[in-house]
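As structure tokens, one chain now follows by itself in the form predicted on its own.
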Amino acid sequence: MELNMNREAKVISKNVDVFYGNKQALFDINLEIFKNEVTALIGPSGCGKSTFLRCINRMNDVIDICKISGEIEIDGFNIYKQGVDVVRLREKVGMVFQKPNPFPKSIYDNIAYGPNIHGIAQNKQELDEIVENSLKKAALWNEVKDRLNEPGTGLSGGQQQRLCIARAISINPEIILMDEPCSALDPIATAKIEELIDSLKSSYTIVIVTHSMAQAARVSQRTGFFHLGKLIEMDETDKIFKNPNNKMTQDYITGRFG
């Protein structure tokens, strides 16, 4: 578990509260996510980790009853300031969901969709290069290069999830959010995604929500433990798993609750 010694905070959350109607889902979340590292968020179901993840690209905005207070800064800029262009924000912050969700289009068009919408490619040749590079970065190119015109939905579950990762990186984001990206996959496909996460962190800042503590221990440099909407503890992954400061973290990791 190599640590980046010249750490620079990419995302800083300050006093973030989230409400769904009258129910408070997150309480006063303060944390830092460092650039070019993998940060894992762990905790029992319903503890707020996915809610927090969706705060980073303002996906909660689409829920009418959701209200958010506090600040989240990316590179020092508060993304909750009035007038922020959410489309531009989501170009910068890609997302991969729990269930692979390729578009009902060809493998090629799944990747080309984002660059086309955002006007990233000037011509077909540039688009071809983006598609190839994204699939290579997602470790999928060799498996699909002869079938780019076939539907993305025809791939295996693990391949579909790597296609979704390729789609997320096709618009060249700086941050990739992953919400339990392996929960629908078998152990072999999971191992491939974990290898991929490890190789992507040199180019991207990655935040992963996972139910699997073993996965958090394998892929991340820092881990945050959430419980009942509160961030109980956040530290180096090794420290969280071997010598946490908080008894609650210790109890969760050793399986006493959760």
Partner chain sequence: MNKELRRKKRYQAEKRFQVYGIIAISLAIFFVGILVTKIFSDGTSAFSRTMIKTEIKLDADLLGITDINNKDEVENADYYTLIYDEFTKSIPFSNDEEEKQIITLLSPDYEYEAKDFFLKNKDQLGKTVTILLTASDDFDQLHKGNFPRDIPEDRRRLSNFQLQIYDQLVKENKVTKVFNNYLFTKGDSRDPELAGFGGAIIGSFFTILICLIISFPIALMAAVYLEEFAPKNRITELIEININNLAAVPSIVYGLFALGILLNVLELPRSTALVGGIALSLMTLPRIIIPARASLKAVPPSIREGALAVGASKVQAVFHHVVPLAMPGTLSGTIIGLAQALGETAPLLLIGMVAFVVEIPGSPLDPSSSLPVQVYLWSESAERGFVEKTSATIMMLLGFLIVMNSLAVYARQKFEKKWN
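Just so we're clear, the structure is a prediction, and the values are computed from it rather than from any experiment. Numbering follows the first chain given and starts at 1.
The discussion below concerns the form predicted in complex with the partner chain, not included here.
Chemist: Could you tell me which stretch in 100-108, 76-84, 183-191, 124-132 has residues with non-hydrogen atoms within 4.5 Å of the partner chain in the model of the complex?
Modeler: Selected range: 100-108.
Chemist: Which one of I72, I176, V144, I171 is close to the partner chain in the model of the complex, taking close to mean a heavy atom within 4.5 Å?
Modeler: The residue from I72, I176, V144, I171 that makes the contact is I171.
Chemist: By the heavy atom within 4.5 Å rule, which residue out of C66, M59, L196, I232 makes contact with the partner chain in the model of the complex?
Modeler: Checking each option against the partner chain in the model of the complex, the one that comes within 4.5 Å is M59.
Chemist: Would R54 count as a contact of the partner chain in the model of the complex, using a 4.5 angstroms cut-off between non-hydrogen atoms?
Modeler: Judged by the heavy-atom cut-off of 4.5 Å, R54 is in contact with the partner chain in the model of the complex.
Chemist: For G158, is any heavy atom within 4.5 Å of the partner chain in the model of the complex, or not?
Modeler: It does not: once the partner chain is placed as it appears in the model of the complex, G158 has no heavy atom within 4.5 Å of it.
Chemist: Going by a heavy atom distance of 4.5 Å, is R167 a contact of the partner chain in the model of the complex?
Modeler: Taking the distances in the model of the complex, the answer for R167 is yes, it comes within 4.5 Å of the partner chain.
Chemist: Contact with the partner chain in the model of the complex for K137, defined as at least one heavy atom pair within 4.5 Å: yes or no?
Modeler: K137: no, not in contact with the partner chain in the model of the complex.
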